[in-house]
Ligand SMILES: Nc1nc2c(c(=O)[nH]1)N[C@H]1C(S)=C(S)[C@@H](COP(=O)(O)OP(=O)(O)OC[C@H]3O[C@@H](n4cnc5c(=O)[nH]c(N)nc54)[C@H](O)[C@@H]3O)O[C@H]1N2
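Before any questions on how it binds or moves, here is one chain, the form predicted alone, in structure tokens.
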Amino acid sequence: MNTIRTTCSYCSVGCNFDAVLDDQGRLQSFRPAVDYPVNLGKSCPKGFHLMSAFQAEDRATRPLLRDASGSMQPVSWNRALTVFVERFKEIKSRYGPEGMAFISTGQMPTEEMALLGALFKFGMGGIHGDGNTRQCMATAAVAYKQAFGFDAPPFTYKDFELSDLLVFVGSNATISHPVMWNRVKMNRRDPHIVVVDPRRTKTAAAAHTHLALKPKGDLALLYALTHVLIREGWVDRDFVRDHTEGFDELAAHVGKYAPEAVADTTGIEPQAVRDLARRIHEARAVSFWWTMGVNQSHEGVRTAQAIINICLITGNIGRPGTGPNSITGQANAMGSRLFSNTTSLFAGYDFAKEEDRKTIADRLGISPELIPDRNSLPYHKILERVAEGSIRGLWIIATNPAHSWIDKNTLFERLGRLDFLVVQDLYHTTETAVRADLLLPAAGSGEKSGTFINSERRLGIVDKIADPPGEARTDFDIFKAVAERWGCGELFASWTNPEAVFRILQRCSAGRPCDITGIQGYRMIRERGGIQWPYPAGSSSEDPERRLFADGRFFTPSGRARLIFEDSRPAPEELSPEFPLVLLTGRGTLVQWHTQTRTGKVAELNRLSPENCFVQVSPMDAKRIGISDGDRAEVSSRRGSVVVDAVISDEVKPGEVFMPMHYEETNRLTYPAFDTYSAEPAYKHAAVAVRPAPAAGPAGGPVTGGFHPDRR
């Protein structure tokens, strides 16, 4: 028997699992690691079945190329690579380096992300590339960077157990991060738990206090809290004086956000705001936790910074059990944020700064002239350029935007305008893969090696458990093959394997807030149970859990954290008599992940989740509309209509409905608004109508809106 430990590749928790193989290398069991400091032997159902998803019948096992008749035909890797290079070089020759782009993922190992970004920008000469972490974590990254001077989540998971007061804002942790919720349940301090969320989610039901605010009333609510804290003098004056800047301006700004003044906007009684402010004041250790309910908003960055402001002015940062703590979305979103070379250079350097380009070029041993002198367009701007016709070639790696992109009906037309679409993925049946001109079959996380970085900045090892099927290759090997065929292979001669790339990234990180030069290779990460950054050369700490800013020093030029604010704004899409309901979206079940590309392959998980897409409607609205639980309902927005199952539930208030993101119908309805600073899509608010489904509506599918694949 042989045991291999690896990191789960679903969410950002970073759970480790032990895979036990027999003497023939066959998997015998896959169980959560009891001694790993993240999950402590716990797991959600998705993790238990991680390896099962790779056994699906629709695995992509050979390259597929669309022929003149429009059919996808198997081809050799030699042919696939030749076509890839010829087509992209032709596009670059005709339309320039900005005529091609890539969209990547938060679910590949860091080393693969880094190789892709370096290959595309330094080797192929491209400029524009972004990751699907733009859909989940861009807001938190920008909020931290503006406030702290670097994208630096300050916490450790131990803080779940050490807080006296935990405030979850737009986070349904019991469903989306159950292992983290288990850490909350391990708290022996009898903490008070507050949930700020329009829905009565499972987390809200488990909390002591639920502030059921109006959708997108969170920024005004947080400013009202700040108003009370400052007005009552419940502020850590010493910390504010010594470690922040902008307090007087913040105090003036929130003067107009008295709880009474914003009660209509927030839907929260003024006394409830004052009560929470008093709890913050009286608690010894307060932690705020947020996720997509904050991030996926038209004003998400300022909302996240309003949380940061509260922690700063009350001194709830850098101490055990405190912090403004963003729970990341995807397994390696943090690795993507730091090392994917997409919208920033490696280790948080800036493409637009000549000094930064020279630094990275020196550490990589390449010419600075190879590094673009401007930042990439963000995801939605890349797609806008596709629609305009200025981006003609697109490479999509390990993501499924034809399911997940906001207002996705427009995406179908945009992808159809491309001269060349390459999709690199595990399966040939995803909503995006079926539109490809060339499909490159890739390996899954259990079929390759590298590192992930989780929400608490912990580097964990991804270890290979099984070989990929057929002719599928690791993304790393595909990128290396493209480099050789493109003619830039010599540029990556030292990028021989993932651990060699890890050493290159260590050099890039030297002297940065994310410095990892003190890590002595993969073996040290394995032996330590993961290592949180920073871990610079000369570090001796073996503490498995470390937090940032204990010394009150931040990464800004002044060393002080910035208190940043801006007036709240109404949601971009207004309700109307035709569309009178607010559509909320989010994780709908513990057992499915995002677009179900992998989890939808696992029979055990499908048995635990609804087969069809559904809409939650309040009893009052259901009676008015004339639908009952289990009926078919038509949900319409200004972008189209879908037919789904009706679920009558008091989890949503009158005037609001909820649909889960796991089903392809949902993003036919969402409104394409984006945060001003992070460019993150605002999935959480759209104007819709619900009515009984017309008799002719197709089961489970759209009434309007084009392509509708079978449920995967």
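Residue indices: 1-based, along the sequence shown. Everything numeric in this text was worked out from a predicted model, so none of it was measured.
Keep in mind that the form predicted in complex with the ligand is not shown, yet the notes after this line are about it.
- For the options Leu548, Cys136, Val142, Val422, the residue carrying a heavy atom within 4.5 angstroms of the ligand in the predicted complex is Cys136.
- Between the ligand and the residues Ala285, Leu370, Leu575, Leu590, the one pair within 4.5 Å by heavy atoms in the predicted complex involves Leu590.
- When the ligand is considered in the predicted complex, Gly170 lines it closely, a heavy atom lying within 4.5 Å.
- The ligand is not shown here, and in the predicted complex it never comes within 4.5 Å of any heavy atom of Asn309.
- Taking non-hydrogen atoms only, Ser340 never approaches the ligand to within 4.5 angstroms in the predicted complex.
- Heavy atoms of Pro198 reach within 4.5 Å of the ligand in the predicted complex, making it an interface residue.
- Only one of 78-86, 116-124, 633-641, 393-401 places residue heavy atoms within 4.5 angstroms of the ligand in the predicted complex, namely 393-401.
- Residues Gly329, Gln330 are the ones in 321-336 with at least one heavy atom within 4.5 Å of the ligand in the predicted complex, listed in sequence order.
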